[in-house]
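Just the one chain here, the form predicted on its own, laid out as structure tokens.
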Amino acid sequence: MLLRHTNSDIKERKALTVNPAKTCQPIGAMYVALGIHGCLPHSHGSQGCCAYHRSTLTRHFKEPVMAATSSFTEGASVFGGQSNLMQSIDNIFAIYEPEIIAVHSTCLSETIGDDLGQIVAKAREDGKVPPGRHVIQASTPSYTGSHVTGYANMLEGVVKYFAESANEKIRQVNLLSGWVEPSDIREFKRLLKLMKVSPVILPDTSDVLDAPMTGKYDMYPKGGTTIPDMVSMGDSMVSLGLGEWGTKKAAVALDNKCKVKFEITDIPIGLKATDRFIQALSKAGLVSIPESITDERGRLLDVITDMHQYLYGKRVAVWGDPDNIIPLIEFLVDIDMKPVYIVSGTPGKRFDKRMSEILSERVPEAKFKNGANADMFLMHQWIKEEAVDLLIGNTYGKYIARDENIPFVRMGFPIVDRIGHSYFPTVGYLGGIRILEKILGAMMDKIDSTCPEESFELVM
């Protein structure tokens, strides 16, 4: 009801963000930790912060997400949280027996100035970290950046801690997977197997956040990147990072520490981004591209050709994380749709450059914005100015979809009102077909539900 009062009178905002198109850093740090085998995420802050981070991930994946907390009270907030974290590390190893504790900071611990590196070092000195166990940390204040920033910071912390070089190169490729679903990780594994490339995938959330129901609870499911694999990353031939925002810091850190050269490419969403990914894999792994993958590309092209009449010229509004929506926008342009409104809450100067490169020639009227004031309120104002035919983004767009009666395809994070995203990939050529199926299904449902009786067709 409140959204019906949104108007199209757009005014410059410097401080106010309304319905941000992002969430906070610790959620991204927690997601990386969950993709490491035997790792327990730890939130250095209050219980309420940890509860929010866990519940957001649990609602998205429909899986129980475990994490510990330093449980700040008024005393820790005033005098510092060192004793809380020291006690937490001691208790966690004694009770929950993880191989790794991945500690991330929060607004509160960052504001009072807790030094995670110093505290963790003292915990080791005091014997609170058992032999063969590990504690890693990342600075992830919620008042800056986004969940993607937190993801990047924790991923950087992981490779800095674990990767080692024995100066003997292994015929394997490091795949820094970026913020993708467990289903997408499975698709990466399938493609890597077809191409006969030996990978270390970090993080690997498959068999963790899509674990099968067995009737038995496992606090540490069988999935996740193992410690030996993370150590071996220092001797890989090359690192391939998917998404500049999520993976570049880790790729640079690994190169600086172990001299592993790297390439950053887009998450393979759609046609061209998947082409670049497959070619990068072929180059990195020194392998040829099998015919079976070429056939998959051909099937995606066949679907685009068959359904072009329904896609051509349709106006689309898109929101989400830059690493995910940049290749998606490119794909929409390739299939002759018009992504006219784009917002991303994650800051980064390269966003405008990439959007201009993709849109300036084919969709010159497009409006795009990222950073603090790129929010869902601005998106709704743009739509009030001139309507669109389709919305693509996370669950928070359902209010606009309902208010404006616009078909809505859910993609991105978080999706808390539907299932399927963690089981069916949207990366690769097969993922491109699924994206098209979702787009066409939503738009054709709208046609069927609104067309006059004489235009209601059996075959479309």
Partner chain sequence: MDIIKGRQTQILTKGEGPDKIACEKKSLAGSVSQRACAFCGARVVLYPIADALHLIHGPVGCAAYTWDIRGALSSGPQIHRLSFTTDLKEKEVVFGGEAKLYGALTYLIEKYHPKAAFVYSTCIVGIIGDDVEAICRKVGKEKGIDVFPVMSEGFNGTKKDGYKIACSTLSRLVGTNNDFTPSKPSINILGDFNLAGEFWILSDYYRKMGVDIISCLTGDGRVDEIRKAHKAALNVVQCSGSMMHLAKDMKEKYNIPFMKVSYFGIEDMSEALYEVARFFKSGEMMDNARQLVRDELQQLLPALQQYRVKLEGKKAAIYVGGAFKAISLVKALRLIGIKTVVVGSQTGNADDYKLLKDLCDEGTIIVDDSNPNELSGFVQLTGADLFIGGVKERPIAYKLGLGFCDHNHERKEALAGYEGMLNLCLCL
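Note that the structure is predicted; figures quoted are calculated from it, not measured. Positions refer to the first chain, counted from 1.
Here the subject shifts to the form predicted in complex with its partner chain, a form of this protein not shown in this document.
Between the options Leu301, Met219, Ile170, Ala387, the residue in contact with its partner chain in the model of the complex by a heavy atom within 4.5 angstroms is Met219. Contact annotation: of the candidates Met307, Val252, Ile293, Leu108, the single residue with a non-hydrogen atom within 4.5 angstroms of its partner chain in the model of the complex is Leu108.
Partner contact region in the model of the complex: 49-57, out of 404-412, 49-57, 31-39, 428-436, criterion any non-hydrogen atom within 4.5 Å of its partner chain. Contact check for Pro212: a non-hydrogen atom falls within 4.5 Å of its partner chain in the model of the complex. Asn84 belongs to the set of residues with a heavy atom inside 4.5 Å of its partner chain in the model of the complex. Although the partner is absent here, Gly420 sits far enough away that none of its heavy atoms falls within 4.5 Å of its partner chain in the model of the complex. Tyr143 belongs to the set of residues with a heavy atom inside 4.5 Å of its partner chain in the model of the complex.
If you check its partner chain in the model of the complex, you find no heavy atom from any of Glu164, Ser232 and Phe424 within 4.5 Å. Contacts between stretch 44-75 and its partner chain, counted in the model of the complex as any heavy atom lying within 4.5 Å, involve Ser46, Gln47, Gly48, Ala51, Tyr52, His53, Arg54, Ser55, Thr56, Thr58, Arg59, Lys62, Glu63, Pro64, Met66, Ala67, Ala68, Thr69, Ser70, Ser71, Phe72, Thr73, Glu74, listed in sequence order.
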